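Below, in structure tokens: the form predicted on its own, a single chain.
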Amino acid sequence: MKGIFVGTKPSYKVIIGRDAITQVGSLIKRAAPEVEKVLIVSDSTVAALYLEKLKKSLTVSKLETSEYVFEAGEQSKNIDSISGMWGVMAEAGFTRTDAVVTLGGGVATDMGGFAAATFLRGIKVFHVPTSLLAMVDAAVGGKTGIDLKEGKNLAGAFWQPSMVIEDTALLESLPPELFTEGMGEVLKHAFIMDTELFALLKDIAESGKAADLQKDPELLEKLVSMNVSDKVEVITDDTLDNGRRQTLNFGHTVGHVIERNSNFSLAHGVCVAKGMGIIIDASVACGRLDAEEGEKMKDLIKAFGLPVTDDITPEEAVSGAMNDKKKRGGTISVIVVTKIGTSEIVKMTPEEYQEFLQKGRTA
């Protein structure tokens, strides 16, 4: 197994390797020997597949387990679910030396992390992500939260995990549509900061390996490790999302609005891909990105089975962005890729943002 050090405060490791789920209990006891009780937070789909395997690893290490299993889907990402987690921990007599263990995708990671950050004013959390999106993005960096009817992730906290344990073997049985969704965040990292990753993805697409990527253990582990390393580099520089970390929101400013407007029926990674396509078109139309570079990026998104367009209007995108956490005062932070591997944060007023998007729509 490979360990990637995350130099935030507090620091922790991301452990990556096949069958890592069987080592979760021993890894927790090694990192935090004081932990006696853990709450496993998982969704109904993932729990049916992996809950017993995780519990076996925990009980072998003499950890007492409780469970909170919520209905799979973004619709569960609300304060009622968090309250349910608090209740289970309170009833089980959790103390500040106990922990939450999340098992699942981004919804489980975000909610379990938020519950840990707020129960007894903060207890440890360990993430065991089971989706590609969670492994390369949601589980790393300490962002936690829930959705409000007004927008996605509007309530939450920064709360770094004590460890992230990523079993890449779980990706081989992930439903193809969920694996494809996770590729949205993988592509994002390539576009904003990593030309080596872009070249690898381009090679995978052109060699026809994209369709069989889930069945290639070595390539999966390499991709996950490269993406985790990219995110770690960014978050170590900017833990609280006030500077460079905002570049990780490429495609998200539009994507979150598309996601919310669909009543979360569209997957997050799909909406991010659409958002990236829209921003690419606008950037080319405004002269911020070379047209050939833009086409290369959109072609790669499509090569991995993701869309690059949506019928959202500039007016809808701006209106939605005004309720997004990326708004700062009277401006919106728009992430623009100026060339593959390089990105910047552009502050725009709502009027400037609408004009920017309109140019991309009409180009």
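Counting begins at 1, following the sequence as shown. The structure presented is a predicted model; accordingly, all values stated were derived computationally and were not measured.
Below, we refer to the form predicted together with a small molecule, which is not included among the displayed structures.
Student: Only one of Ser81, Thr253, Ser283, Thr130 comes within 4.5 Å of the small molecule in the predicted complex by heavy atoms, so just point that one out.
Tutor: By the 4.5 Å heavy-atom cutoff, the listed residue in contact is Thr130.
Student: Note which of Pro161, Gly184, Gly112, Gly105 lies within 4.5 Å of the small molecule in the predicted complex, where distance is taken over heavy atoms; exactly one does.
Tutor: The residue in contact is Gly105.
Student: Report the stretch among 221 to 229, 90 to 98, 137 to 145, 271 to 279 that approaches the small molecule in the predicted complex to within 4.5 Å, counting heavy atoms only.
Tutor: The contacting stretch here is 137 to 145.
Student: For Met193, is any heavy atom within 4.5 Å of the small molecule in the predicted complex, or not?
Tutor: No.
Student: At 4.5 Å between heavy atoms, is Ala48 in contact with the small molecule in the predicted complex?
Tutor: The answer is no: Ala48 has no heavy atom within 4.5 Å of the small molecule.
Student: Look up in the predicted complex whether Asp310 has a non-hydrogen atom within 4.5 angstroms of the small molecule, and give yes or no.
Tutor: Residue-level check for Asp310: no, no contact with the small molecule.
Student: With a cut-off of 4.5 Å between heavy atoms, is Val125 one of the residues that contacts the small molecule in the predicted complex?
Tutor: The answer is no: Val125 has no heavy atom within 4.5 Å of the small molecule.
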